[in-house]
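The chain below stands alone and is given in structure tokens; this is the form predicted alone.
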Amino acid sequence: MRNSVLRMLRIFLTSGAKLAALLLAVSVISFALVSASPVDPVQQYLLSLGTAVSPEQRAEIEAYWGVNEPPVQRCLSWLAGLLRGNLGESAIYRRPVADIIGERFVNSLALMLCAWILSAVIGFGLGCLMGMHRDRLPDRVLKKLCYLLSSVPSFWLGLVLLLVFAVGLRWFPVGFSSPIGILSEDVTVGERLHHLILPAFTLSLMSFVNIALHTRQKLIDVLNSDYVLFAKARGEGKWTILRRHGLRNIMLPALTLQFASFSELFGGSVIAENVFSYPGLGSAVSEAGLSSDVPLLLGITLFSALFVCAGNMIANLLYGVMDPQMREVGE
């Protein structure tokens, strides 16, 4: 018992140190890239206001933002505020960045979680179906469909689904996370899910292909193994073999890919949220990039890195739960 507690403590400390070093590197590199941008954030801010300002007012804005300070000093000031939990104030929203991320993350988390579950179910199910019908009609058709979806631009796929299901058939709303003209507290769960289905399904189609094709190949390798041939010789059916021998051997690789797709889902959410006008972190980072809102852009970048790292850490913990051999190696 004591050894297990010490081992878990060692894992958490090691993972925490690696996470802190990674976040520091992401912070410095992101700040350097934003600082090297040729876009003048003050000019973009003034253009968003749509009003002319005097040179004195512009100088006050530059002094308030510290844009005339050396980049190293600005980076150290930003990192010092970051250690105090202060991500700065958004230029376009004129609100603390932490508040904006907190509000938008709730919507993005709901979108990515639904898409993550859909991509896992669709990808794993289609991978098993293709592997069980190798080189037959279902396998050939589904494999070509996977190749087609992987080569189609994501924004084009989202626009097609929007035109067909929202504009043409009118099964789903055109965009947003809730009906227009209704207060947020008056929106029901059913209405939110109705607005969430189409963008979540679009986002899931962007990430299930790798899981499906990888699961197919792993299942084929399992079905060609000696112990499966022995099971066939004993008279076991193909679906019994899949349940007894296949699933436990292909579940872990599928889980690895699924948790590794966190970064892909976050990148895809930027496209999905912009296509469907969904108010999440993806649309916020697009607005921050177009308006040169440096504090908001850096805050979302840092938060997304933390989100992806947390997903990978959860995956590592689940590996030990699902695969006893990995626990023995760790001990």
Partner chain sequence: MRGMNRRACALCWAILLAAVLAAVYLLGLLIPDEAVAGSFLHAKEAPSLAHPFGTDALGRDLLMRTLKGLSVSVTVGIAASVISAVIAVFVGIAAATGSKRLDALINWCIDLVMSVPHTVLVILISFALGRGLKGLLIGIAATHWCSLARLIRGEVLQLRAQPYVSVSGRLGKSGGWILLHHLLPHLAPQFFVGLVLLFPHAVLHEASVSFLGFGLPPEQPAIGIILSESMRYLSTGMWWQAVLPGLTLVLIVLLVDRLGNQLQMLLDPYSAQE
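Residue numbers count along the first chain shown, from 1. Predicted model, so just to flag it, every value in this text is computed and none were measured.
If you look for the form predicted together with its partner chain, you will not find it shown, but the lines that follow are about it.
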Inset, instruction - Heavy atoms, 4.5 Å, its partner chain in the model of the complex: which of 190 to 198, 239 to 247, 118 to 126, 159 to 167 makes the cut? Say which one. - result: 159 to 167
Inset, instruction - May I ask you to check whether residue 55 falls inside a 4.5 Å heavy atom distance of its partner chain in the model of the complex? - result: no
Legend entry - Proximity of residue 78 to its partner chain in the model of the complex, heavy atoms at 4.5 Å: no
Inset, instruction - Report yes if any heavy atom of residue 256 sits within 4.5 Å of a heavy atom of its partner chain in the model of the complex; otherwise report no. - result: no
Inset, instruction - Report yes if any heavy atom of residue 153 sits within 4.5 Å of a heavy atom of its partner chain in the model of the complex; otherwise report no. - result: yes
Legend entry - Partner contacts in the model of the complex for 246 to 285 (non-hydrogen atom within 4.5 angstroms of its partner chain): 263, 266, 267, 270, 271, 274, 275, 285
